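Encoded as C-alpha coordinates, the following chain is the form predicted alone, with no partner shown.
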Amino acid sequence: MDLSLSEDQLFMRDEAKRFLAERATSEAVRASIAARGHDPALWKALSSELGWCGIAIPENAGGLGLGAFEMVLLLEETGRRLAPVPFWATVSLCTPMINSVAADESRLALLSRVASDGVAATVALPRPAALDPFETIEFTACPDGDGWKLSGFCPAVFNLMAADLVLVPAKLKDKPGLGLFAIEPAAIAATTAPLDAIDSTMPIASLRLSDVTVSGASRIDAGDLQASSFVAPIQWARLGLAAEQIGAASGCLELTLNYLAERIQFGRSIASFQAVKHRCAELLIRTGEARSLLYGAAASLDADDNEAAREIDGASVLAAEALWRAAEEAIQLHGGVGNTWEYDPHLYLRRAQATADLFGSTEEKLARIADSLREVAA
(Lines give C-alpha, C1' and ligand atoms only; values in the text may rest on other atoms or scores of the structure.)
Protein backbone atom coordinates (compact mmCIF):
# COMPACT_ATOMS: atom_id res chain seq x y z
CA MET A 1 0.00 0.00 0.00
CA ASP A 2 1.47 3.35 -1.08
CA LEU A 3 0.82 5.91 1.66
CA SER A 4 2.84 8.74 0.15
CA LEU A 5 0.89 11.98 -0.26
CA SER A 6 0.00 13.31 -3.68
CA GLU A 7 0.80 16.88 -4.68
CA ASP A 8 -2.80 17.91 -4.00
CA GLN A 9 -2.79 16.26 -0.58
CA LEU A 10 0.52 17.89 0.33
CA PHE A 11 -0.79 21.28 -0.76
CA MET A 12 -3.99 20.84 1.23
CA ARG A 13 -2.10 19.78 4.37
CA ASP A 14 0.46 22.56 4.12
CA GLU A 15 -2.16 25.24 3.50
CA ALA A 16 -4.18 23.99 6.47
CA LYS A 17 -1.06 24.11 8.63
CA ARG A 18 -0.28 27.66 7.48
CA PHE A 19 -3.84 28.88 8.01
CA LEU A 20 -4.13 27.45 11.51
CA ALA A 21 -0.68 28.70 12.50
CA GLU A 22 -2.01 32.19 11.80
CA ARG A 23 -5.53 31.85 13.18
CA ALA A 24 -5.27 29.26 16.00
CA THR A 25 -2.35 30.74 17.89
CA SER A 26 -1.79 30.11 21.58
CA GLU A 27 -3.31 33.50 22.36
CA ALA A 28 -6.39 32.80 20.24
CA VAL A 29 -6.91 29.39 21.82
CA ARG A 30 -6.65 30.85 25.31
CA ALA A 31 -9.12 33.59 24.41
CA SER A 32 -11.58 30.96 23.19
CA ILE A 33 -11.35 29.09 26.50
CA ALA A 34 -13.00 32.09 28.14
CA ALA A 35 -15.75 31.79 25.49
CA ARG A 36 -16.52 28.16 26.41
CA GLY A 37 -14.01 26.68 24.01
CA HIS A 38 -15.43 28.01 20.74
CA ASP A 39 -13.97 30.47 18.25
CA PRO A 40 -16.86 31.55 15.98
CA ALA A 41 -14.64 33.56 13.63
CA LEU A 42 -12.28 30.64 13.08
CA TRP A 43 -15.21 28.28 12.56
CA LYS A 44 -16.77 30.59 9.98
CA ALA A 45 -13.48 30.84 8.12
CA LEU A 46 -12.77 27.13 7.84
CA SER A 47 -16.36 25.96 7.35
CA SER A 48 -18.01 28.62 5.18
CA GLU A 49 -15.06 30.32 3.51
CA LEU A 50 -12.59 27.45 3.05
CA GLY A 51 -15.15 24.66 2.75
CA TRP A 52 -13.32 22.19 4.99
CA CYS A 53 -16.58 20.65 6.23
CA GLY A 54 -17.30 19.35 2.74
CA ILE A 55 -14.08 17.36 2.57
CA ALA A 56 -15.75 13.91 2.62
CA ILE A 57 -19.21 14.94 1.46
CA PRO A 58 -20.27 13.77 -2.03
CA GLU A 59 -20.15 16.33 -4.81
CA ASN A 60 -23.89 15.99 -5.49
CA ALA A 61 -24.46 17.37 -1.98
CA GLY A 62 -22.10 20.30 -2.47
CA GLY A 63 -19.01 18.66 -0.99
CA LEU A 64 -15.54 17.95 -2.33
CA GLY A 65 -16.13 14.22 -2.75
CA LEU A 66 -12.85 13.20 -1.11
CA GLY A 67 -12.33 10.49 1.49
CA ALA A 68 -11.11 9.49 4.91
CA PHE A 69 -7.47 10.02 3.95
CA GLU A 70 -7.98 13.69 3.17
CA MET A 71 -10.18 14.09 6.23
CA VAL A 72 -7.44 12.90 8.59
CA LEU A 73 -4.94 15.33 7.03
CA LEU A 74 -7.13 18.26 8.07
CA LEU A 75 -7.94 16.77 11.47
CA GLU A 76 -4.24 16.34 12.18
CA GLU A 77 -3.77 20.06 11.71
CA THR A 78 -6.74 21.08 13.87
CA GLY A 79 -5.36 18.75 16.54
CA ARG A 80 -1.88 20.20 16.22
CA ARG A 81 -3.22 23.61 17.25
CA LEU A 82 -6.01 22.37 19.55
CA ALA A 83 -8.24 24.48 17.33
CA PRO A 84 -11.34 25.44 19.39
CA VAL A 85 -13.92 24.59 16.75
CA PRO A 86 -16.42 21.72 16.36
CA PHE A 87 -14.59 20.32 13.33
CA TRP A 88 -14.14 16.74 14.54
CA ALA A 89 -17.75 16.53 15.76
CA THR A 90 -19.06 17.86 12.44
CA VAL A 91 -16.93 16.11 9.79
CA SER A 92 -15.89 12.92 11.54
CA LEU A 93 -18.79 12.14 13.86
CA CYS A 94 -21.95 13.69 12.43
CA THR A 95 -21.39 13.79 8.65
CA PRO A 96 -20.56 10.06 8.22
CA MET A 97 -23.64 9.18 10.26
CA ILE A 98 -25.88 11.27 8.02
CA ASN A 99 -24.22 9.83 4.92
CA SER A 100 -24.62 6.25 6.13
CA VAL A 101 -27.98 6.21 7.93
CA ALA A 102 -30.19 9.00 6.57
CA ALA A 103 -32.80 8.48 3.86
CA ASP A 104 -31.88 9.93 0.47
CA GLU A 105 -33.85 13.20 0.66
CA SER A 106 -32.78 13.97 4.22
CA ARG A 107 -29.19 12.98 3.51
CA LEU A 108 -28.75 15.37 0.59
CA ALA A 109 -30.45 18.26 2.40
CA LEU A 110 -28.44 17.91 5.61
CA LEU A 111 -25.10 17.25 3.92
CA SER A 112 -25.66 20.28 1.70
CA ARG A 113 -26.16 22.45 4.80
CA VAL A 114 -22.96 21.15 6.38
CA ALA A 115 -20.92 21.54 3.19
CA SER A 116 -22.18 24.94 2.10
CA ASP A 117 -23.72 26.77 5.04
CA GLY A 118 -21.13 26.28 7.77
CA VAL A 119 -23.52 24.32 9.96
CA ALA A 120 -21.86 22.96 13.11
CA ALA A 121 -23.21 19.52 13.92
CA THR A 122 -22.81 16.89 16.61
CA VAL A 123 -24.30 13.62 17.86
CA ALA A 124 -25.79 12.85 21.26
CA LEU A 125 -23.70 9.72 21.82
CA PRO A 126 -25.31 7.61 24.56
CA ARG A 127 -22.01 6.18 25.88
CA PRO A 128 -18.99 7.91 24.31
CA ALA A 129 -16.52 6.06 26.55
CA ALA A 130 -17.73 2.60 25.49
CA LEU A 131 -16.44 0.43 22.65
CA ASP A 132 -20.02 0.45 21.39
CA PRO A 133 -21.32 3.96 22.16
CA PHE A 134 -24.85 2.94 21.07
CA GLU A 135 -25.12 -0.13 23.25
CA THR A 136 -27.59 1.60 25.58
CA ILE A 137 -29.86 4.36 24.26
CA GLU A 138 -31.73 6.50 26.78
CA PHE A 139 -33.79 8.70 24.44
CA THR A 140 -37.28 7.58 23.45
CA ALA A 141 -39.52 8.72 20.58
CA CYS A 142 -43.31 8.51 20.79
CA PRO A 143 -45.59 9.25 17.78
CA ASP A 144 -47.50 12.50 18.18
CA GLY A 145 -49.81 13.20 15.27
CA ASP A 146 -47.62 13.88 12.26
CA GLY A 147 -44.59 14.35 14.49
CA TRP A 148 -42.82 12.87 17.47
CA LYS A 149 -42.27 13.53 21.14
CA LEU A 150 -38.69 13.02 22.30
CA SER A 151 -37.63 12.41 25.88
CA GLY A 152 -34.39 11.40 27.49
CA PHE A 153 -31.06 12.57 28.79
CA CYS A 154 -27.51 12.49 27.46
CA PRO A 155 -24.91 13.47 30.08
CA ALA A 156 -22.17 14.63 27.71
CA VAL A 157 -22.47 15.87 24.11
CA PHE A 158 -19.40 17.22 22.34
CA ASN A 159 -19.59 20.85 21.17
CA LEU A 160 -23.29 20.99 21.97
CA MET A 161 -23.34 24.69 22.85
CA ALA A 162 -21.84 25.60 19.46
CA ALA A 163 -23.96 23.17 17.43
CA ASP A 164 -26.62 24.24 14.93
CA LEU A 165 -27.71 20.63 14.45
CA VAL A 166 -27.79 17.65 16.83
CA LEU A 167 -28.45 14.06 15.84
CA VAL A 168 -30.39 12.20 18.53
CA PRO A 169 -30.81 8.40 18.38
CA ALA A 170 -33.97 7.24 20.14
CA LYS A 171 -35.87 4.03 20.83
CA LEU A 172 -39.26 3.95 19.15
CA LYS A 173 -42.20 3.41 21.50
CA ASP A 174 -44.67 2.27 18.85
CA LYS A 175 -42.54 -0.56 17.43
CA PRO A 176 -39.13 -2.25 17.78
CA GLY A 177 -36.08 -0.48 16.47
CA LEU A 178 -34.57 2.96 16.58
CA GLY A 179 -35.03 6.34 14.96
CA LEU A 180 -32.45 9.03 14.25
CA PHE A 181 -33.67 12.59 14.69
CA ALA A 182 -32.04 15.80 13.48
CA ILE A 183 -32.93 18.65 15.79
CA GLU A 184 -31.90 22.28 16.08
CA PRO A 185 -31.25 23.18 19.73
CA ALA A 186 -32.33 26.79 19.21
CA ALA A 187 -35.75 25.72 17.92
CA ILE A 188 -36.84 23.27 20.61
CA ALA A 189 -37.45 23.33 24.34
CA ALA A 190 -34.31 21.46 25.21
CA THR A 191 -32.36 21.87 28.39
CA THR A 192 -28.63 22.17 27.78
CA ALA A 193 -26.06 22.65 30.51
CA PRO A 194 -22.37 23.32 29.84
CA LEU A 195 -20.09 21.09 31.90
CA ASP A 196 -16.69 21.78 33.40
CA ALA A 197 -14.52 19.67 31.14
CA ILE A 198 -10.89 18.65 31.59
CA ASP A 199 -10.16 19.94 28.10
CA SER A 200 -11.56 23.44 27.69
CA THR A 201 -10.84 23.40 23.95
CA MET A 202 -13.16 20.40 23.47
CA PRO A 203 -16.27 21.50 25.41
CA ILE A 204 -19.12 19.22 26.39
CA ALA A 205 -22.63 19.81 27.69
CA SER A 206 -25.57 17.73 28.83
CA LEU A 207 -28.79 17.49 26.81
CA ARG A 208 -32.22 16.83 28.31
CA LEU A 209 -35.41 16.45 26.30
CA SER A 210 -38.76 16.26 28.12
CA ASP A 211 -41.64 15.44 25.77
CA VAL A 212 -40.19 17.77 23.16
CA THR A 213 -42.37 17.87 20.04
CA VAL A 214 -40.56 17.69 16.70
CA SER A 215 -41.89 17.40 13.17
CA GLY A 216 -42.11 14.16 11.25
CA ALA A 217 -39.41 15.44 8.90
CA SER A 218 -36.96 15.57 11.78
CA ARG A 219 -36.70 11.79 11.68
CA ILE A 220 -34.05 11.26 9.03
CA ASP A 221 -33.35 7.50 8.99
CA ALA A 222 -34.66 5.28 6.22
CA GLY A 223 -36.32 2.83 8.62
CA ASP A 224 -35.21 -0.53 10.05
CA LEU A 225 -32.56 1.28 12.06
CA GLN A 226 -30.70 -0.83 14.61
CA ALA A 227 -27.76 -0.18 16.92
CA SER A 228 -25.59 -2.12 14.46
CA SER A 229 -26.38 0.51 11.80
CA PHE A 230 -24.05 2.92 13.61
CA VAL A 231 -21.00 0.63 13.54
CA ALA A 232 -19.76 1.77 10.12
CA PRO A 233 -20.15 5.56 10.61
CA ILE A 234 -18.64 5.45 14.09
CA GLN A 235 -15.43 4.10 12.54
CA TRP A 236 -14.98 7.51 10.94
CA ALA A 237 -15.33 9.19 14.32
CA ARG A 238 -12.73 6.90 15.88
CA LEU A 239 -10.35 7.46 12.97
CA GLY A 240 -10.83 11.24 13.14
CA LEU A 241 -10.21 11.28 16.88
CA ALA A 242 -6.93 9.39 16.38
CA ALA A 243 -5.93 11.94 13.72
CA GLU A 244 -6.51 14.84 16.11
CA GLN A 245 -4.57 13.05 18.85
CA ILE A 246 -1.60 12.46 16.55
CA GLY A 247 -1.73 16.07 15.39
CA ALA A 248 -1.82 17.20 19.03
CA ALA A 249 1.18 14.99 19.82
CA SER A 250 3.09 16.61 16.96
CA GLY A 251 2.09 20.11 18.07
CA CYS A 252 3.13 19.36 21.63
CA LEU A 253 6.52 18.09 20.45
CA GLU A 254 7.01 21.21 18.33
CA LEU A 255 6.39 23.61 21.21
CA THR A 256 8.74 21.54 23.37
CA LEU A 257 11.51 21.67 20.78
CA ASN A 258 11.05 25.43 20.41
CA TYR A 259 11.34 25.87 24.17
CA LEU A 260 14.43 23.65 24.41
CA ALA A 261 16.16 25.62 21.66
CA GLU A 262 15.64 28.88 23.57
CA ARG A 263 16.56 27.77 27.08
CA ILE A 264 20.22 28.13 28.02
CA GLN A 265 21.85 26.21 30.86
CA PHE A 266 25.55 25.94 31.69
CA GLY A 267 26.22 28.26 28.78
CA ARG A 268 24.56 26.12 26.10
CA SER A 269 21.13 25.29 24.76
CA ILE A 270 19.60 22.38 26.66
CA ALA A 271 18.50 21.01 23.28
CA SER A 272 22.14 20.03 22.77
CA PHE A 273 22.20 17.65 25.76
CA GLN A 274 22.24 14.04 24.64
CA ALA A 275 19.70 12.85 27.22
CA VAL A 276 17.23 15.49 26.04
CA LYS A 277 17.83 14.54 22.40
CA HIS A 278 17.05 10.90 23.16
CA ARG A 279 13.75 11.76 24.80
CA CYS A 280 12.70 13.97 21.90
CA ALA A 281 13.78 11.34 19.36
CA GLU A 282 11.60 8.77 21.10
CA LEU A 283 8.60 11.10 20.86
CA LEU A 284 9.26 11.64 17.17
CA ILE A 285 9.39 7.88 16.55
CA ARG A 286 6.22 7.23 18.53
CA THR A 287 4.33 9.92 16.65
CA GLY A 288 5.61 8.77 13.27
CA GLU A 289 4.66 5.18 14.01
CA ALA A 290 1.14 6.22 14.99
CA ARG A 291 0.80 8.41 11.89
CA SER A 292 1.82 5.56 9.59
CA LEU A 293 -0.85 3.30 11.05
CA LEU A 294 -3.37 6.16 10.88
CA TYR A 295 -2.76 6.67 7.17
CA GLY A 296 -2.98 2.95 6.54
CA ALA A 297 -6.27 2.75 8.42
CA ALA A 298 -7.65 5.72 6.47
CA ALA A 299 -6.66 4.13 3.15
CA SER A 300 -8.29 0.85 4.24
CA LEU A 301 -11.48 2.66 5.22
CA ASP A 302 -11.60 4.40 1.84
CA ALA A 303 -11.09 1.04 0.13
CA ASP A 304 -13.78 -0.62 2.29
CA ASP A 305 -11.17 -3.15 3.40
CA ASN A 306 -12.07 -5.74 6.02
CA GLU A 307 -8.89 -4.81 7.89
CA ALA A 308 -10.05 -1.23 8.46
CA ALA A 309 -11.75 -1.78 11.83
CA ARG A 310 -8.75 -3.53 13.32
CA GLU A 311 -6.34 -0.94 11.92
CA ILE A 312 -8.44 1.89 13.37
CA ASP A 313 -8.32 0.20 16.77
CA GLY A 314 -4.54 0.00 16.48
CA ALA A 315 -4.23 3.62 15.36
CA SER A 316 -6.45 4.69 18.27
CA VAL A 317 -4.21 2.93 20.78
CA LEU A 318 -0.96 4.34 19.37
CA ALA A 319 -2.42 7.84 18.95
CA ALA A 320 -3.63 8.05 22.54
CA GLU A 321 -0.30 6.78 23.87
CA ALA A 322 1.71 9.15 21.64
CA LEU A 323 -0.25 12.19 22.82
CA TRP A 324 -0.07 11.18 26.46
CA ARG A 325 3.69 10.63 26.29
CA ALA A 326 4.30 13.87 24.36
CA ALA A 327 2.32 15.89 26.91
CA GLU A 328 4.09 14.28 29.89
CA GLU A 329 7.51 14.87 28.38
CA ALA A 330 6.61 18.44 27.46
CA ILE A 331 5.83 19.24 31.08
CA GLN A 332 9.03 17.56 32.28
CA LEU A 333 11.28 19.18 29.66
CA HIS A 334 9.80 22.60 30.36
CA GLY A 335 11.12 22.24 33.90
CA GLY A 336 9.59 24.33 36.66
CA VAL A 337 7.27 26.24 34.34
CA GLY A 338 5.81 23.11 32.73
CA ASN A 339 2.80 22.97 35.03
CA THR A 340 1.98 26.67 34.97
CA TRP A 341 -1.02 28.20 33.23
CA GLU A 342 1.18 30.60 31.27
CA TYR A 343 2.77 27.78 29.25
CA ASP A 344 0.90 25.47 26.88
CA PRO A 345 1.94 21.88 27.79
CA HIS A 346 -0.96 21.52 30.22
CA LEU A 347 -3.43 22.20 27.37
CA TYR A 348 -2.10 19.17 25.53
CA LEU A 349 -2.09 17.08 28.70
CA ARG A 350 -5.75 17.97 29.19
CA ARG A 351 -6.54 16.84 25.64
CA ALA A 352 -4.66 13.58 26.30
CA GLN A 353 -6.63 12.97 29.49
CA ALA A 354 -9.99 13.91 27.98
CA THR A 355 -9.68 11.67 24.91
CA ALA A 356 -7.68 8.69 26.21
CA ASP A 357 -10.71 6.48 26.82
CA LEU A 358 -13.18 7.72 24.21
CA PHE A 359 -14.75 4.83 22.29
CA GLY A 360 -13.21 2.36 24.72
CA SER A 361 -10.10 2.07 26.85
CA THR A 362 -6.71 0.98 25.54
CA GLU A 363 -7.15 -2.41 27.19
CA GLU A 364 -10.54 -2.94 25.56
CA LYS A 365 -9.24 -1.99 22.13
CA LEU A 366 -6.23 -4.29 22.45
CA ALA A 367 -8.50 -7.13 23.56
CA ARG A 368 -10.72 -6.57 20.53
CA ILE A 369 -7.68 -6.62 18.23
CA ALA A 370 -6.55 -9.89 19.81
CA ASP A 371 -10.01 -11.44 19.44
CA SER A 372 -10.12 -10.37 15.80
CA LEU A 373 -6.71 -11.91 15.07
CA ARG A 374 -7.72 -15.16 16.74
CA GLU A 375 -10.79 -15.32 14.53
CA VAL A 376 -8.63 -14.84 11.44
CA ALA A 377 -6.21 -17.54 12.56
CA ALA A 378 -8.97 -20.03 13.44
Partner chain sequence: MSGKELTAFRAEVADWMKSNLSGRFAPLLDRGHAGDGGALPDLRKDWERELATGGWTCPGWPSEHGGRGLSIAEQVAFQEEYSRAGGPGRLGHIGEGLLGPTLIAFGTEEQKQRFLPPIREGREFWCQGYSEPDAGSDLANIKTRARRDPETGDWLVTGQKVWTSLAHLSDWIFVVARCEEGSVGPYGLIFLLMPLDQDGIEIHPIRQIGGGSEFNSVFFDNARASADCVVGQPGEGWKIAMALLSFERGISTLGQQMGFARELDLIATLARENGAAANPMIRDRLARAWVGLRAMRYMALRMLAQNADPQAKLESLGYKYQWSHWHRDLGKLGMDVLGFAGVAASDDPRAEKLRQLFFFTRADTVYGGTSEIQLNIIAERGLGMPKEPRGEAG
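Keep in mind it's a predicted model, so treat the numbers as computed, not measured. Residue numbers count along the first chain shown, from 1.
If you look for the form predicted together with the partner chain, you will not find it shown, but the lines that follow are about it.
Engineer: Under a 4.5 Å heavy atom criterion, is residue 338 part of the interface with the partner chain in the predicted bound form?
Structural biologist: So residue 338 counts as contacting the partner chain.
Engineer: Closest heavy atom of residue 153 to the partner chain in the predicted bound form, within 4.5 Å or not?
Structural biologist: Close contact is absent here: in the predicted bound form, residue 153 is far from the partner chain, nothing within 4.5 Å, heavy atoms only.
Engineer: Would you classify residue 300 as touching the partner chain in the predicted bound form, given a 4.5 Å non-hydrogen atom cut-off?
Structural biologist: Yes, contact at 4.5 Å.
Engineer: Residue-level contact is defined here as any heavy atom of the residue lying within 4.5 Å of the partner chain in the predicted bound form; does residue 196 satisfy this criterion?
Structural biologist: Taking the distances in the predicted bound form, the answer for residue 196 is yes, it comes within 4.5 Å of the partner chain.
Engineer: Non-hydrogen atoms within 4.5 angstroms of the partner chain in the predicted bound form: do 289, 295 and 318 all have one?
Structural biologist: So, yes: the whole triplet contacts the partner chain.
Engineer: Tell me, which of 118, 128, 147, 179 has a heavy atom within 4.5 angstroms of the partner chain in the predicted bound form?
Structural biologist: Only one option qualifies, and that one is 128.
Engineer: Using heavy atoms only and a 4.5 Å cut-off, determine which of 45, 331, 29, 64 is in contact with the partner chain in the predicted bound form.
Structural biologist: That would be 331.
Engineer: Thinking of the partner chain in the predicted bound form, which stretch from 227 to 235, 136 to 144, 262 to 270, 207 to 215 has heavy atoms inside 4.5 Å of it?
Structural biologist: Every other range fails; the passing one is 262 to 270.
Engineer: With the partner left out here, which residues of 210 to 245 have a non-hydrogen atom within 4.5 Å of the partner chain in the predicted bound form?
Structural biologist: Going through 210 to 245 in order - heavy atoms within 4.5 Å of the partner chain in the predicted bound form - there are no hits.
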